[in-house]
Every structure is written in C-alpha cells, then in structure tokens.
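What follows is a single chain, given as structure tokens, in the form predicted alone.
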C-alpha cells in the first residue's frame, strides 16, 4: 500500500475511533413531557437548569404541551412503547402500568414514604402496596370561584358558608340577569369536576367492594341539575356542547373575561388568575356548596412520574430525587402558588411568592377545603381506574346536555361504558 493510501486508512480509522468514543463523554439526554396551568413550566425549567449545572452528565429536554395532550396523546404514545422518560400527569392510577418503580434506584426510599406517604398509593396498581413511582408535587382541590365584583355591582348577597348548590344557582342567575352576564355558572367539562358536586348530593361511585357503582340517587340528583341548568341558561351549552366524547373543556378564559359569575374549577387556577386577571376584578374562592351528604370537592393534582420504557432509569431516578427534595418542593410551591403535597413542607408552611391579596386569600380557602374532604371523594381519587368512571360520566352527560340522549339513556350508557372498560382492563392484565 502506498503512503497516501496508508494515510487515508489511518485517517479513516481515527474518524471511526472519534465517532465511537464521542458518545462516552456525552450527556445522557432525558425527555420530560410537561403541561402547565400557570407558570409551572417556567419554574420547573429554572429548577432543572440548576440540576444540569450540578449534574453536567444529564440533560433534560422539557416538552411543554397542552393539557389535552397529556390526557389524549400521552396514553397513546405509552401504549405504543414510546413517549418520554418523565411526564407530568393527572391520571395517576390510570397510567400506572407504564410507571417505573424507582425504589431500586433511590438513595433513600424511606424519605419518599415519610414525605408523600398517603399519596404514593394513588400511583400504584391494584394489589401493589410498596412501589414508588412518582412525586405528588401538586395537591389540588376542586372548588368554585366567583366574580365578587359582579355580585357587588348587582347588589346581590353572596351565599354563606353552608349554602347549597340550589342557593348558588339562584344567586348567580340573579346577578347574571341584572348585569347581562352570559354564564351564571360554568363548570369544567370534566368527570372529575362533576364528581365532587355529585358526592355532596350523596353519590358513592364505588360499592362496598371498591368496585364501580356509579349511578345512584345522589348521582342522579346532581346530573339532573346539570341538565336543568343547561336547559334554562344557568349554564351555557356552548361550553359543554362545544366538544364531544370525553374531551375536556375549561371556562377559565370566559371567567377571566368577566363572562362568568361562578366558575367551578379548582385550586390550580390560582396562579393563572393571579397573572391573567390580577386585580382587574375581585375573583374570590368561596366555600364548597353543600348537598344533603357533604360540602366537598375532589382532591387531585399532578404528579411527576418516571416511565418504565426509559433507557436511563438511574439518571431518571436522580432527576426525580432532586425534584422531590424538600427545598425544591418548597420553592416550586411558593413560586407557582400551588398547594404542596409533601408532608414536611405542609407542616412548615409555604411563603407563597405573591403580593396579590386575592391569590393569598384563595390559597387559604382551598387549604381549608382539604380538612372538609369527604372520605368518598378521597376513595374515588385513589381508585386506580377512576379515569374510566370520569370519562364515561362526562361523555354521556355531555350527550344529555346537548339533547342527544335522555338522562335515563345517559345513565344506562354510563353503566354500560364502565362495565365494558373494566372488562377491557381485566383482559389487559392477563
């Protein structure tokens, strides 16, 4: 071989060696799918930037998506064996079969049990009592906000602490009629949001064996009100009727634009309202409306979970340990105006970073909702297949609202849908 050929061969070999050895020093790249109600995405990115500075061998790409993508696109990706390494989710039990058990990779599993104990079960499949799969870094409560400014302008008294849903309907309609407001009451098109109101009316959702038994008299009492309110204009058909199936539809934009007197949503809206509304009008969290059984909302929130198809479980666990640490949880809660689920942080309290009195007052009201939570609501949130119930309920009630089904037909379809989905869940487990 001539000298020129030998040089070419050596050059090629050198390139091959470089190509082979370069990845060894490269950072492991992890993808996190994330949605935000307010400024959570900005805050978590800032926190992860610090992590990357301390751990240059790990890089986290945060894919910010709409909440709808978390509900609809992420499950499809995971079922196909794809998806991110880490995700922020709300269907904690429904996606549990895709979670990575972090326990073997954690430096101190007992820290997690002590810090998140009551919430760890929300992430586990039926029969699992030990796995650690995610961080409950947002505790939420459903509940209503009102536009107090509209009440004041209309000269209508705000119902008191033990007021019923019927009391609130009467008051909000009076305000809307006097001021020509399009929506006296708006409620997120969500089975989860509806559930708390139905539990107040006496709905149980689960039988004594912990199995779905959804349509009872308490459930019908609230469902019939929802139908009536849509028919008489207390609620606007444009909201629930604007989408179909189990699709989510919020009314935060309408509320922020002073088109809604009372908005049934939840504590996760506080950060967004503080930024979007500020003090343009008095948006106020009020006590849970009552039914004959309770005055309750539904607990919930978002969890950051590790996903088992990841190729880098050790690195994922390291990121999760950082996000679960007490200082990070405290800062995340303070900057996002989110109720923490970390027991140690709750005990010490959080200095929420806002000068807006409305936001601080709302956080105080929602913190009080936690102590009044119905055990039925807590049990339903911990049920691994609650998303099956929520989706069936909102899909069929949505059809009843727009006149595609009678209420009786909707009740029958809800039961049929849940039975079919539960049978499918059992088949998938085999």
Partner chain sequence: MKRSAGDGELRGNRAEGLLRLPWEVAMRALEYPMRGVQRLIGQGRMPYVFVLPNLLIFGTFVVVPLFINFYYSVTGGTALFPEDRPFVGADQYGYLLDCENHLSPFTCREDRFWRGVYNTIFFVTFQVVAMVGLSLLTAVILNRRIVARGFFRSVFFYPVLLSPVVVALIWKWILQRDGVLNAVITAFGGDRVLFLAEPQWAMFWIIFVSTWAHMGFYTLILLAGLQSIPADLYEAAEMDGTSRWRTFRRITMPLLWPTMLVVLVLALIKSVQTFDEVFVLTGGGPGTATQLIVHYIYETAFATQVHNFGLAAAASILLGTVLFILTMIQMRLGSRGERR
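As the structure is a prediction and not an experimental result, all values here were calculated from the model. Positions refer to the first chain, counted from 1.
Not on display, but discussed next: the form predicted in complex with its partner chain.
- The closest non-hydrogen atom of residue 415 lies beyond 4.5 Å of its partner chain in the predicted complex.
- Contact check for residue 252: every heavy atom lies farther than 4.5 Å from its partner chain in the predicted complex.
- The shortest heavy atom separation between residue 138 and its partner chain in the predicted complex exceeds 4.5 Å.
- Residue contact with its partner chain in the predicted complex: residue 340 places no heavy atom within 4.5 Å of it.
- Judged against its partner chain in the predicted complex with a 4.5 angstroms heavy atom cut-off, the residues 163, 288 and 369 are out of contact without exception.
- In summary, the region of this chain contacting its partner chain in the predicted complex, judged by heavy atoms within 4.5 Å and restricted to 146 to 154, 297 to 305, 168 to 176, 67 to 75, corresponds to 67 to 75.
- Scanning 244, 310, 272, 354 against its partner chain in the predicted complex with a 4.5 Å heavy atom cut-off leaves one residue, 244.
- Interface residue among 326, 128, 238, 101, judged by heavy atoms within 4.5 Å of its partner chain in the predicted complex: 238.
- With contact defined as any non-hydrogen atom lying within 4.5 angstroms of its partner chain in the predicted complex, the contacting residues in 382 to 398 are 384, 385, 386, 387, 388, 391, 395, 396, 398, given in sequence order.
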